[in-house]
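Consider the single chain below, provided in structure tokens and representing the form predicted alone.
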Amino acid sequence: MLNLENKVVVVTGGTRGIGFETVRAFYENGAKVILFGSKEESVDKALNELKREKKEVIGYYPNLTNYDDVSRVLKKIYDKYGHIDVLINNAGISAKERIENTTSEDFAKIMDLNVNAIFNTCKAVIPYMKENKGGVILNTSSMVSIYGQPSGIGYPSSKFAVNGFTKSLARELAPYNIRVNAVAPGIINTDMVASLSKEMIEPLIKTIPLGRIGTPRDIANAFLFLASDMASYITGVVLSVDGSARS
């Protein structure tokens, strides 16, 4: 029912956490997956792990903040497969410093990777999707794009921007049968969360109506759904996946 067999899927930030699990999930559902990472070593490590699982995935490490570099790699992928069906923009960095301890360079760095990089990948991939008369673009947002957070102002600012980018691009590309959606994860059991103490985690869990923190597979499953034909009439949506009944 997902109908992802032989779809060509590009996942940025695909070497660990949510991105890595998303790579695995799409492969398991028949897609041809290409992961992007920030550097050669992290890409090689992820690919070696997938090879141990007998998953044939390829990887690249373009500078996502450089349009020419991104365009070059996406053209290489298109030339190899003849189509790019799904782009998942998952790469990003977070922040936790208070504004008085944040430099303008710090803020610009977050916006560059969390927003400008998405512009670059989308701009580079859209001509291929138009040529193939359809495609899916999915962006990773965050629960803080809806609720904000008490410090680290750059991160929620960037994710608010991702939401606006998603909704606007969805309207622009709808006539070309290209759907654009975002997933806004809540508290997810990634390496960063796993390193927190029990004393810090338990109060967080108490705020979640479903009574647990999420897993990377929870987010990967949301991406699977939105990329599939089951979501063929959904575009311009920011889907909260946070175990919460809040609106």
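These numbers were taken from a predicted model, which means no experiment stands behind them. Numbers for residues come from their place in the sequence shown, where the first is 1.
This next part talks about the form predicted together with ligand NAD, which is not shown.
- This chain is displayed alone, yet in the predicted complex one of 222, 64, 178, 57 has a heavy atom within 4.5 Å of ligand NAD; that residue is 64.
- This chain is drawn without ligand NAD; in the predicted complex, the residue among 173, 122, 74, 113 with a heavy atom within 4.5 Å of it is 113.
- In the predicted complex, ligand NAD lies within 4.5 Å of some heavy atom of residue 91.
- Using a 4.5 angstroms threshold between heavy atoms, residue 155 counts as touching ligand NAD in the predicted complex.
- Using a 4.5 angstroms limit between non-hydrogen atoms, residue 18 touches ligand NAD in the predicted complex.
- When ligand NAD is considered in the predicted complex, residue 29 lies well away from it, no heavy atom lying within 4.5 Å.
- The stretch among 66-74, 47-55, 183-191, 203-211 whose residues place heavy atoms within 4.5 Å of ligand NAD in the predicted complex is 183-191.
- In sequence order, 37, 38 are the residues of 28-54 having a heavy atom within 4.5 Å of ligand NAD in the predicted complex; the partner itself is omitted from this view.
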